[in-house]
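Below sits a lone chain in structure tokens, taken as the form predicted on its own.
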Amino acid sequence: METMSITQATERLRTSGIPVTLQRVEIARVVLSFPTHLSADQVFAKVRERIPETSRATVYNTLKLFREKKLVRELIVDPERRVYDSNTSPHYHLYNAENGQLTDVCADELQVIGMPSLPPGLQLEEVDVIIRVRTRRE
């Protein structure tokens, strides 16, 4: 699979209403070219391979903007690990607590039935399901 072109990344940003900068285009190419689950630091390292002057703050702020514009989902996998998921279609996650691997689980493989009553004035934004696993101890 080939990385998204600069032209494709630029168009994706424009159609999402995001002002185009060189750094944002490269961040889009890193995050949106393939289905990924990358931390901000992993994105930062990959972007700096091509644009070394990119700051950590630029990456964090851009990922926040991408999340607000629904280009990525932010997942809090555990208290010390937050990743950005480029697959924004409805799905869940399987997290291996031993090796840190995060895998997509199709929405039709798991059924979530019902939603709690919400306090007045609140609406449901999204439901994140992370199934945590580890090797069975015999």
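Under this definition, the rigid core comprises the largest set of C-alpha atoms superposing within 1.5 Å between the forms. In this text, residue numbers run from 1 along the sequence as written. Just so it is clear, the structure is predicted and the values come from calculations on it, not from any experiment.
There is another form of the same protein, the form predicted together with a further copy of the same chain; it is not shown, and what comes next is about it.
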Val105, Ala45, Ile51, Leu102: which sits within 4.5 Å of a further copy of the same chain in the predicted complex by any heavy atom?
-> Val105
Select, from the options 35 to 43, 22 to 30, 53 to 61, 92 to 100, the stretch whose residues sit within 4.5 angstroms of a further copy of the same chain in the predicted complex by heavy atom distance.
-> 92 to 100
Heavy atom to heavy atom, is Thr7 within 4.5 Å of a further copy of the same chain in the predicted complex?
-> no
4.5 Å heavy atom contact, Gly17 and a further copy of the same chain in the predicted complex | no
Find out whether any non-hydrogen atom of Lys69 is located within 4.5 angstroms of a further copy of the same chain in the predicted complex, and reply yes or no.
-> no
Is Leu65 close to a further copy of the same chain in the predicted complex, meaning a heavy atom pair under 4.5 Å apart or at it?
-> no
Pull the contact list for 99 to 130: residues with a heavy atom within 4.5 Å of a further copy of the same chain in the predicted complex, in sequence order.
-> Val105, Glu109, Leu110, Gln111, Val112, Ile113, Gly114, Met115, Pro116, Leu118, Gly121, Leu122, Gln123, Leu124, Glu125, Glu126, Val127, Asp128, Val129, Ile130
Thr15: Cα shift of 2 Å or greater between the shown form and the other one (core-aligned) | no
CA of Leu124, rigid core aligned, shift of 2 Å or more between the shown form and the other one | no
